[in-house]
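Next up: just one chain, as structure tokens, the form predicted on its own.
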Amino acid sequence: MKSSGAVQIRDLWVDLREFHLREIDLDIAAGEYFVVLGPTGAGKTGLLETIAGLYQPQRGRVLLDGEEITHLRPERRGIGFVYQAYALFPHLNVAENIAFGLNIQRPSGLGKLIRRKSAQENEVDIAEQVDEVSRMLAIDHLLHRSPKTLSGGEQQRVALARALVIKPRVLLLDEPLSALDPETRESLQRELARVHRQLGTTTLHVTHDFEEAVALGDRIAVVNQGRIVQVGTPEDIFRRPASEFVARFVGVRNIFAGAIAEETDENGTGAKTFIFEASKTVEDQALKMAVVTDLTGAVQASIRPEDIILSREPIHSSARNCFRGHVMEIADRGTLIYVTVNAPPDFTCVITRRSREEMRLREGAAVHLAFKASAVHIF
């Protein structure tokens, strides 16, 4: 059941009053699970609705498998759409909701094959397709139920089944997990990954949740204020953010301004050093850290909290960056603890609850932290 569905977007400009899109260029491969990530109001949903044909762009083109569909009517694009709010029809049961798209297609004509079928044969065919997709999503026992009697997770599965039953060339998902409780969200996230592996449908998934994007996406486009600011694999976005906005949005926390200098190390070889802007130690020496980069001059440096080792004792390791400081703040986030350490400057580290107990960590405690030169991302 592998389907085509390569999407190309060229210089797309869309004005939707409160939201707008500018200079959008994207290439999404057939069968790819592509995530559009960004904050509320960035224009993510507007992008999906423009691809679906619900809005016309002021400029630019949308192509599907090389065919321009910019001005094609929505029902002729072969696109399935699942909204955050499910949008199920309350007067139809689950089976009728799933079959809705198939029934809509019948009068518009699906070719000579369907026209030759009798009404009874068509009904049997639709029932078989509904049964197939409902079994795939494990909702076949709900077909007789009314949508209002279903849980949020069940409603979202029905909405997904309704979009998939028409065998779309592209599946659009608009924040499909955001209205669900954490346990249901995780379960449906696994379901989306499984269904994508099984069907291979090109999927565009909009979210503001970075963990969700990393778990599902083959690639991610980060959108801010109507523009794409970075496109890459989850590893690219997570480890190598292209700007301060992306770095903060994906939870880097440690972002510093400074400059790169080339110095000679103890072995007499050249090494790159990041010098913190406006930061000095008690000896009035500029604070530095070893980095790996090809850049020079004024830059920014970012370090993910989980890449920093925290200890009450001096750390003996291969890490080239070791600092001593004092705990300024301890923020309990349930399973994880975020610890702010002033070296200076302030570094945010993340540890487990057990580590905090073992170190007997408290505010004001003297600590040591260390991280590798390769853990520092320079941009």
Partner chain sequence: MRKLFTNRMYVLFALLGALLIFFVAWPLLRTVTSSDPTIIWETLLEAEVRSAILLTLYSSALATVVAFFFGVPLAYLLARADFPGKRLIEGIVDVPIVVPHSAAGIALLMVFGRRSLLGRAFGLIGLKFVSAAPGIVIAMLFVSLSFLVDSAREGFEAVNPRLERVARTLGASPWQTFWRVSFPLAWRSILSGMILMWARGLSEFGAVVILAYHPMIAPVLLYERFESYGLDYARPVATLIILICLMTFVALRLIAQEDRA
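Since the model is a prediction, treat every value here as computed from it, not as a measurement. Numbering follows the first chain given and starts at 1.
What follows is about the form predicted in complex with its partner chain, which we do not show.
- With a 4.5 Å cutoff on heavy atoms, Tyr55 counts as touching its partner chain in the model of the complex.
- Although the partner is absent here, Arg17 is a contact residue: one of its heavy atoms lies within 4.5 angstroms of its partner chain in the model of the complex.
- Taking the partner from elsewhere, Thr45 is found to have a heavy atom lying within 4.5 Å of its partner chain in the model of the complex.
- Proximity of Gly251 to its partner chain in the model of the complex: non-hydrogen atoms within 4.5 Å are absent; the residue sits far from the partner.
- Comment: 166-174 is the region of 212-220, 132-140, 199-207, 166-174 lying near its partner chain in the model of the complex, near meaning a non-hydrogen atom within 4.5 Å.
- With the partner omitted here, the residue from Phe238, Phe100, Phe245, Phe276 that has a non-hydrogen atom within 4.5 angstroms of its partner chain in the model of the complex is Phe100.
- The listed set Ala193, Leu295, Ala87, Val292 contains one residue whose heavy atoms approach its partner chain in the model of the complex to within 4.5 Å, identified as Ala87.
- The three residues Arg356, Glu363 and Phe371 each lack any heavy atom within 4.5 Å of its partner chain in the model of the complex.
- Looking at 61-88, the residues that come within 4.5 Å of its partner chain in the model of the complex, counting any heavy atom, are Arg73, Pro74, Glu75, Ile79, Phe81, Tyr83, Ala87, Leu88.
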